[in-house]
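Encoded as structure tokens, the following chain is the form predicted alone, with no partner shown.
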């Protein structure tokens, strides 16, 4: 595996090597890699001659400075995992490399519509602008034919697809299934911040998503969501949202019909650790 730290070096390697962009599968990460990330690398490995990953904790997408400061860093272990998974290139830039003129200089604003203001957008204002900024920069450097994202960050996947569409970029977004621990907890870099008691409690999230799936076949969904929020609160979670929404637009729905199955989404805090999860209903 080749490691590049400077954008111009990686861009030059790809351009001077006459590498066909359609042969590149790209997996952007913020490090602290787990099996969810590795599954993306493995999928990209099967589907592309060249696999590129990035590790960059992007400061412009954090609405809470303490969350940025506490974000776990395990670069040496991450490098070993990427090599074992068959990654060809790792892009490992510094903040100064990505934002040479400072974090707020010459940053583009992205028209994301309602996706920027609902659910994650409501509780993390500015977050998706930061996500689009870094993903746009990375795509400009790497020019991949395929971009691999995990379904756990469902709204983020839709945001990036929208950004790529209105920028008319020649990159396809591949959304891969959420990887879970044996007890159902969605794999996340933030899980390492959970105490053993918090870690056990966190499994209740997936149980509640399954409860929604089992009880949302017909009728008023608002009452169901109220029941789930009450159970989460009684369990000790601080709930930001529980929602059932369209897979395509994330517009909330009140009643199920026979159209495309909706997605249930949840965001909670366990003490100081924020967790999100989702499940496409059947």
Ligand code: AMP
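Positions refer to the first chain, counted from 1. In this text the structure is predicted, and so the values were computed from the model without any measurement.
Here the subject shifts to the form predicted together with the ligand, a form of this protein not shown in this document.
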query: One stretch from 146-154, 87-95, 207-215, 101-109 that, in the model of the complex, holds residues within 4.5 Å of the ligand by heavy atom; finding: 146-154
query: The unique member of 74, 171, 178, 133 whose heavy atoms fall within 4.5 Å of the ligand in the model of the complex; finding: 178
query: Sole residue of 29, 252, 229, 42 within 4.5 Å of the ligand in the model of the complex, by heavy atom; finding: 29
query: Partner proximity in the model of the complex: residue 34 to the ligand, non-hydrogen atom cutoff 4.5 Å; finding: yes
query: Partner proximity in the model of the complex: residue 137 to the ligand, non-hydrogen atom cutoff 4.5 Å; finding: no
query: Residue 187 within 4.5 Å of the ligand in the model of the complex, heavy atoms; finding: yes
